[in-house]
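Just one chain follows, in the form predicted alone, and it is written as structure tokens.
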Amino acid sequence: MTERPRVVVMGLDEDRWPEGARAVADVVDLEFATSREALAGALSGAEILFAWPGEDRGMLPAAWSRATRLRWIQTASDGVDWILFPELVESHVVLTNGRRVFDAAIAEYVLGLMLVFAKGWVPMLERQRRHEWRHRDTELLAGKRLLVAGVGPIGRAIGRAALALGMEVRGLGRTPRPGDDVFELVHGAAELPDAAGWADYVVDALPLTEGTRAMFDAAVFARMRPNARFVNVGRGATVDEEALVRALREGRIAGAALDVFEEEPLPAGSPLWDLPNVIVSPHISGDFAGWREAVVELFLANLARYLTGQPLENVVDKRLGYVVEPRLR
């Protein structure tokens, strides 16, 4: 390349750029944009965009007409539904994501939530606050059945963690296939109601696509076991929240732990806040100490590949909305 590529960092101000990554300015022209106006100005002539999710999801679409030289977008997230819009999907711009940065953190988070349910920690802590001593037996996760919806790296990390505790683990993907070293077998998407009915714990680790929107609906919750728990660390819009609330209120499932929601922040008036069998967390399952630095390191590694003409890692199929591994096509 005869000139230094211009890189725009969207949604992150310069003060939060890791100190150890500042040397990248020696090989590229780096500019930061945290508003629509700044992004519109910065995108003109930019070749690369490093996109951090923020509250203004319309920032990039509003400035897209200025992105005439853009060739590659790297997101700081694993999910890309927040950044995809028709013009980007139809363009020749390559999109890569933060795949594999968050796997271990989310797997640990899910494992922790299942243990909270199995060991009865929520009612136990409530009794502690009341100074109430009451014995109760707890459940074992060993021998319990886990269905993981979403069989990419995050789903596989969740499955491996569950296997270590002696759980039976199945997956759910786009199409059915035989089992492997993590999943006893993988159900196809059309089999979700039956697969959910098999499980004691159902974990939603799905990306948001047109095919997964409201995938967990009343029909699925109706097939789940009355003692089953539902955990969502995927995307809120993959769940029909009204149907989930009804299932919880009517005791058709035993509980839910939710890290993602149809609307975020979760509105103060949502019934999910007050249901006794629900754990609410503010979309933090993947946010381990050091994740920002890890995402920047991933970007810098991909940038090195870009500058030397090597294939980029974590390339997203923009029409599907996620990275497709060759063996899973």
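Heads up: residue numbers just count along the shown sequence, starting at 1. This one's a predicted model, so the numbers in the text were calculated from it and none came from an experiment.
The following text describes the form predicted together with another copy of the chain, which does not appear among the structures shown.
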Inset, instruction - Choose from 89-97, 147-155, 113-121, 221-229 the stretch whose residues reach within 4.5 Å of another copy of the chain in the model of the complex, heavy atoms counted. - result: 113-121
Inset, instruction - Look up in the model of the complex whether residue 164 has a non-hydrogen atom within 4.5 angstroms of another copy of the chain, and give yes or no. - result: yes
Inset, instruction - Report whether the minimum heavy atom distance between residue 105 and another copy of the chain in the model of the complex is within 4.5 Å. - result: yes
Legend entry - another copy of the chain contact in the model of the complex: residue 249, any heavy atom under 4.5 Å: no
Inset, instruction - Using the partner position in the model of the complex, report whether residue 45 sits within 4.5 Å of another copy of the chain, counting heavy atoms only. - result: no
Inset, instruction - State the residue from 64, 52, 288, 32 whose non-hydrogen atoms include one within 4.5 Å of another copy of the chain in the model of the complex. - result: 288
Inset, instruction - Indicate whether the candidate residues 131, 134 and 274 are all in contact with another copy of the chain in the model of the complex, with contact defined as any heavy atom within 4.5 Å. - result: yes
Inset, instruction - May I ask you to list the residues of 260-288 that have any heavy atom within 4.5 angstroms of another copy of the chain in the model of the complex, in sequence order? - result: 261, 264, 265, 266, 268, 272, 273, 274, 278, 279, 280, 281, 282, 283, 284, 287, 288
